[in-house]
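The data below hold one chain only, encoded as structure tokens and taken in the form predicted on its own.
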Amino acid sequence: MLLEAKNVSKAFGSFLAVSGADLTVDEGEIIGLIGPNGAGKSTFFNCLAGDTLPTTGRVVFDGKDVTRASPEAHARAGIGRTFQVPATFEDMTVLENVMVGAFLRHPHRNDARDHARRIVELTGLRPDQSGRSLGTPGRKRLGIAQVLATEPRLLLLDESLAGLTPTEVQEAIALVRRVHQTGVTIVIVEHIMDVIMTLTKRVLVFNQGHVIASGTPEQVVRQDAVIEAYLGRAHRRPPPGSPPQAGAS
């Protein structure tokens, strides 16, 4: 087991954003967190990343309690995260952007540059391109590259494929697979169900702060609670022999 989150809750005043959520992540897994907007998955994700302190519960990574550790301590321990809006240094090249992350493990400039070049090659970016010139797909890839440069054992992807065209999504899926093949364990928050169904082997579904389902993607999409809360009636399988339902959403 690489990571265990046990009974994690987060309250903002009287509002309970996450209530008693559990998650175990084995080394080498790709796990998805899904649910409607406001379901609590992003808050739970932030608790795993160290950006939000849980109100109750524990987060243990590689046998060490990191519940109240800083984001920097999480990064040094081997937990890396992306953000929905990547932080791009506009006036720096792609290579220089990635070197920012590389300095965490490689304090000497030449070593950081060499490591950053390998990451840029992995992600398919052009090292000499300016950050300012990147479109949405490039910025998403750069955000992943910056985190990979810190050499995480666990990569937390926060809607890193959102806002992409179908072709760009397929290219991004291929990138995530390449990253996974290097030995990085992945937890991904994503709304694009094709991504979840394609990449993940296990999924947690959040609704109103609670985990309402967990299992393989094929299992959770058939559960009534998930269909009602998130997927919509179009995903419900009608009884054998019944006519198609009109107006399903």
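None of these values were measured; they are calculated from a predicted model. Position 1 is the first residue in the sequence shown; the rest follow in order.
The same protein has a further form, the form predicted together with a small molecule, not shown here; the description that follows concerns it.
Contact with the small molecule in the predicted bound form, defined as any heavy atom within 4.5 Å, is confined among 215-223, 179-187, 192-200, 29-37 to 29-37. Contact with the small molecule in the predicted bound form, defined as a heavy atom within 4.5 Å, is made by none of 89, 93 and 161. Between the options 133, 170, 136, 84, the residue in contact with the small molecule in the predicted bound form by a heavy atom within 4.5 angstroms is 84. Of the heavy atoms in residue 21, none are within 4.5 Å of the small molecule in the predicted bound form. Taking the partner from elsewhere, residue 42 is found to have a heavy atom lying within 4.5 Å of the small molecule in the predicted bound form.
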